[in-house]
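Here we start with a single chain on its own, the form predicted on its own, put down as structure tokens.
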Amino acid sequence: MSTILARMKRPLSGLKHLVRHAMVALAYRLHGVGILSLVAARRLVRLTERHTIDTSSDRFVMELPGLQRRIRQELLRQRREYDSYAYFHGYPYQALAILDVFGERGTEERFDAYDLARLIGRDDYVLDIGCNCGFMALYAAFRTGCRADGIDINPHMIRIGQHCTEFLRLQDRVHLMAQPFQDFAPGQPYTVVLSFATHWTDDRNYRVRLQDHLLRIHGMMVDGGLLVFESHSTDVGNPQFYAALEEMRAHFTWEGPRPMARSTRELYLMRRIAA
């Protein structure tokens, strides 16, 4: 009986995936229509107030179609060239509302939910591990003036982030790099590291023990540096996860857990102890 039920679940799971994919694709197209409507509305404002509006003053809206075109081209290249797992049906996992970039999870909302404006200051040097498009690093620099690096294995998502960095004119403060975390060697230690559900990845390109992940981060940080660490949903309530964390008491102190994402994940604020 259990075998029969398992066979029935497989096609149902596949159907759900197709339905979700179709819904995301429709949402992406509606988003594109919204961008065109936004620009059209701004053109009307320009027309009625042309005696007061400088043509460069509303570049954030008027140049959006060019940015969106570059993002579309990168998504097409990803579909043709990228042979690894692409999160969120091949669209950006992160959304960026300040540039009207489509994605699954809002960067600005997460930035506020994690209280990063309080935790990150202008003098900080931030690393965002497994950053997707790097929007959290980018937004941190935009909001606080910090310097920030982001790394991700997907070069197409990184290029989307680089387009957005250039649009915001933050190239002097934000550097996004396409490379595996296990190969990354920073030039100087970081004061803040962000690891949001990246201690293992769904694409299986990164599978290490949690202890090894945290020790690698420890070696990249200044003494007293802050690690903002988010669990996977499968970690919540898992005794092995908590036991692995406890082994890190000699290397980090921390506050948490703090429930996140409707209590499906946990957030820890971890401070590096001197080696």
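All residue numbers refer to positions in the sequence shown, first residue = 1. Not measured: the values here are computed from a predicted model.
Another form, the form predicted together with a small molecule, is not on view; read the next lines as being about it.
Remark: of stretches 185-193, 166-174, 69-77, 149-157, the one touching the small molecule in the predicted complex is 149-157 (heavy atom within 4.5 Å).
Interface residue among D203, D123, E109, D115, judged by heavy atoms within 4.5 Å of the small molecule in the predicted complex: D203.
Although the partner is absent here, I98 is not a contact residue: none of its heavy atoms lies within 4.5 angstroms of the small molecule in the predicted complex. The small molecule in the predicted complex is approached by C131, whose closest heavy atom lies within 4.5 angstroms of it.
Residue contact check for T144: none of its heavy atoms lie within 4.5 Å of the small molecule in the predicted complex. The small molecule is not drawn, but in the predicted complex it has a heavy atom within 4.5 Å of Q94. When contacts are defined as a non-hydrogen atom within 4.5 Å, none of G14, L26 and F88 contacts the small molecule in the predicted complex.
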